[in-house]
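Shown here is one chain on its own, the form predicted alone, set out as structure tokens.
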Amino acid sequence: MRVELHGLGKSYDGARWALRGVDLSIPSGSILGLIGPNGAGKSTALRMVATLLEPTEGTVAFDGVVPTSPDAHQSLRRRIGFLGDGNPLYKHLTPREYLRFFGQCFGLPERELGGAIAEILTTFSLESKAETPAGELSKGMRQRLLIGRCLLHRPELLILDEPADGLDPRGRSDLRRVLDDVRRRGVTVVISSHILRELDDLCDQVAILQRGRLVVAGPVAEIIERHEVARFVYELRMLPQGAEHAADVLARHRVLVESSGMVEGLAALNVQLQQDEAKMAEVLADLFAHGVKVVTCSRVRSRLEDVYDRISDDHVN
């Protein structure tokens, strides 16, 4: 589903604007990351795209059509999966009962509903808790159930507001896997998050909101190139024996050491360089050649995070 926002704005009191003048095109089958601080207007924008909040001005078009009637909105909502901020669960319903209730609300035929519920329970590792009241589930399990509910009816547009909230590392990994699968099916995904590293290498589109205004939007690669984000930060962990040679090698390559210390018995350095991964590979080869035994090398800053920091430094906010 292709989504287009034209001059979208929302005022709750007629005087101040939570969101204004937003023009944004979200290609069908893409994953858009919506980024911004608290109060930037992210949740307001998502609720208008989900048709749950009426715009004060502007329109949202779906595949070129702006819904205007109650019937059109109802039909459209059957094609959307929406996880908003602070969605409650019915604590006395089990996950199986909860999914069945929403499947019936979406009009899923009974012959399909049982299979869809089983698929969601399996996908989100909830089979063992399928008959446990939702009020007794952990926060992470409740969040997985909420996300699963959004996918139950196989929507064409999936809107997730801070979906990683409450998820442990395994849950976040599962979420990325599910979103990758959803993308392969051609579903359009709009996802907001404060955890920018969670969105890096997942989204192909990005939009950044500051104080209710859209300040950056477009394909991730183009945004990075436009803002000349060439700063890469890595954490190197190495055996203490021979680690004293690392500083000389890094200096020759004009690599900046941001911090150093010991982590789990290994010498650890956070290093910054101004070139791409190929340069980091060259540095690693030189370290090995000089007897520095690097155990791990991992990126610790995301490129989306760097774009956001650069925009903030430019006082767009």
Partner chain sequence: MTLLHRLRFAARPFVTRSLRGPRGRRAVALAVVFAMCSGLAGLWIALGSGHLEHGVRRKLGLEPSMHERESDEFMVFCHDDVDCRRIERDLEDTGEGFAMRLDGIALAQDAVATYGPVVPAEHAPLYGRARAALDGRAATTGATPRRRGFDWRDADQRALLGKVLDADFRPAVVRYASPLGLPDGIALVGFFAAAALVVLGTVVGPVMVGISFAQEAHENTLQPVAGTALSPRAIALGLMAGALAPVAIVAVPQLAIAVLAAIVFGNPLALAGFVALLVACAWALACLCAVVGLYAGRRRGPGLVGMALLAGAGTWALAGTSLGFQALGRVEAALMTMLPSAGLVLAVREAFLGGAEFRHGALAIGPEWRLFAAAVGSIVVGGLALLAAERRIPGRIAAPLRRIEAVFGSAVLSALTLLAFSEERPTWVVLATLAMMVMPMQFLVMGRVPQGDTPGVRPPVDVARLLGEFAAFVALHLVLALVILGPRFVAPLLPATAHLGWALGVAALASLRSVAAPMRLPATLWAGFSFVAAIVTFTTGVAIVTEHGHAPMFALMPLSPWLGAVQIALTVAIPVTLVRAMFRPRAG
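Fair warning: this is a prediction, and the values are worked out from it, not measured in the lab. Positions refer to the first chain, counted from 1.
Just so you know, the form predicted together with the partner chain exists too; it's not on screen, but the next bit is about it.
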Within 4.5 Å, heavy atoms only, which of 227, 245, 176, 78 is in contact with the partner chain in the model of the complex?
78
Let me know the one among 89, 216, 151, 141 whose heavy atoms come within 4.5 Å of the partner chain in the model of the complex, would you?
89
If contact means a heavy atom within 4.5 Å, which one of 115 to 123, 95 to 103, 232 to 240, 217 to 225 is the stretch that engages the partner chain in the model of the complex?
95 to 103
Give a yes or no for residue 169: in the model of the complex, does one of its heavy atoms lie within 4.5 Å of a heavy atom belonging to the partner chain?
no
Indicate whether the partner chain has at least one heavy atom within 4.5 Å of a heavy atom of residue 54 in the model of the complex.
yes
Give a yes/no on whether residue 84 approaches the partner chain to within 4.5 Å in the model of the complex, heavy atoms considered.
yes
Touches the partner chain in the model of the complex: residue 131 (any heavy atom, 4.5 Å):
no
Contact check in the model of the complex: 13, 47 and 110 versus the partner chain, with a cutoff of 4.5 Å between any heavy atoms. Do all three pass?
yes
Contacts with the partner chain in the model of the complex - residues in 270 to 291 whose heavy atoms fall within 4.5 Å
none
